[in-house]
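Only one chain is given next, in C-alpha cells, and it is the form predicted on its own.
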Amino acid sequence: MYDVAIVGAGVIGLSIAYELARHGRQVVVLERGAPGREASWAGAGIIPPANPRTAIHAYDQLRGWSFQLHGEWAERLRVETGVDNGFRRCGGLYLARTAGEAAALAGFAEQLSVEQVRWESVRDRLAEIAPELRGSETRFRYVLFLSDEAQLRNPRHLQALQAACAARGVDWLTGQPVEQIEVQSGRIVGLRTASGGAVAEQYCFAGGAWTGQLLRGLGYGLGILPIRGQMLLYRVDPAAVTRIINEGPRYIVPRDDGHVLVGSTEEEVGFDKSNTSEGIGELTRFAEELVPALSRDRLIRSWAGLRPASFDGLPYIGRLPDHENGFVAAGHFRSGLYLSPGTAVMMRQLMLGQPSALDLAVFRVGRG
C-alpha cells in the first residue's frame, strides 16, 4: 500500500513524485516504457520568461510561477543528486516575418511588459544569423530580445529527477502498461498490469499522450491527441550559436558544448514517432537559411516525440470529478518541461489538501 501511485514517468509524473516524496508521501511510479523517454526527453528545454505579477489568466500565472521555480529546482536537484541539469539564462531572440506571427509576438511582449526592440539595436550582435537576413530591416516585422530566457538539458533534468526520487524512496514499476483501473464505490482501489500492479490511497494519471486512452475506461473523454514533433541535432563550434532563436513554432537552441537543437514540426499522425524526409527537410531549410553555420554536414542526429495536446491548448490539472481519490496532470503539449515544477507544486497542494496558489478551475476535467 502506497500513499500515491502515479501513472507516467515523464517530466510531469517525475516532478509530482519528487514533490510529494519531499513532503513525506510514499510514492510508486508506473511507466509503460522506460522513465523519461517520451516527449519529455525529445524536447529542447526552452524556459521562456514569464511575469506572474502581470498575468491575469491562470495559465499565464502557471507559466510565471514555473519560470520562477526552475532556477530553484535546478539548484536543489544539483545539491541533492550532483547532477547539473544545464539550467542557464542564455537569452532568447524572437523573430516574426508574417503578420500573424508578429501579432502573436506582440501579445507575448505585452504579457511580459517589455517593448519591441529595434532591429538595428540587436542585429550587430547576431553574427550567427545569415548576413542577407541580418542586413535587412524588412524581413522581420517584429523582433524581441529577452535576456532572461533560459534553457535546460532535458535528459540531464530527467536524470536528476529520477535520482532525487530514488533517494527519497520512490518505487518504480517500469515496462508495465496499466491494463485495468479497479474501482469500488466511486474510489479507485488499484491498478493492474500484466505482472502485478499497485494499490494506493490516491492515484495521479500523468501519462502524457497516452492519458486520454487510459482514462477512457473510467468514462472520461479528455480529448488528448499525440502531436508529433521532429527534431534535429547539429554539432558546431560553441561560438557559432550563442543564444536561443525563436521564429513562430520553430527554434534553434545552442548548448554550451557546441550541440545545437532545431525543432519542431507539429503533425497529427497518431502514435507514429518516426522521422520523415519532409519533416527533416522543413527543419533543415529553416535552420540553415537562418544560421549558415548549421550546414548539412554538421547534422548528426534526428528524432521525434509525441506531444500531448488538448482540444483548447490548456492542460488538464486537477481531480477526476467522479472518482474522489483520482487526479490528472496531462495535456501540456509543447510546455510539459516548462510547466512541470508549477504543475507539481499545484498537484501536491491539491492532493495533500493544502491551499492552492492558483485557481485550477480552468484546467478541470470536463470543461466545455
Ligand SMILES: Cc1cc2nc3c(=O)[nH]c(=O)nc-3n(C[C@H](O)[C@H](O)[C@H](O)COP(=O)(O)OP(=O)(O)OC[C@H]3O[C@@H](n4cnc5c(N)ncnc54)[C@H](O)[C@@H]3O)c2cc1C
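None of the values given here were measured: they were computed from a predicted structure. Residues carry their position along the shown sequence, with the first being 1.
The protein also exists as the form predicted together with the named molecule; that form is not presented, and the subsequent description refers to it.
Interface membership of S40, the named molecule in the model of the complex, 4.5 Å heavy atom rule: S40: yes, in contact with the named molecule in the model of the complex.
V11 within 4.5 Å of the named molecule in the model of the complex, heavy atoms: Yes, V11 lies within 4.5 Å of the named molecule in the model of the complex.
Residue contact check: Y142 to the named molecule in the model of the complex, 4.5 Å heavy atom: Because no heavy atom of Y142 falls inside 4.5 Å of the named molecule in the model of the complex, the answer is no.
Partner contact for Q162 in the model of the complex: the named molecule, 4.5 angstroms, heavy atom: It does not: once the named molecule is placed as it appears in the model of the complex, Q162 has no heavy atom within 4.5 Å of it.
Interface stretch in the model of the complex with the named molecule - options 112 to 120, 98 to 106, 175 to 183, 71 to 79, non-hydrogen atom within 4.5 Å: Result for this chain: 175 to 183.
Contact assignment for the named molecule in the model of the complex, among I317, V27, L337, L62, heavy atom within 4.5 Å: None of the others qualify; the residue that does is L337.
Residues of 255 to 294 having any heavy atom within 4.5 Å of the named molecule in the model of the complex, listed in sequence order: Only S264 sits within 4.5 Å of the partner.
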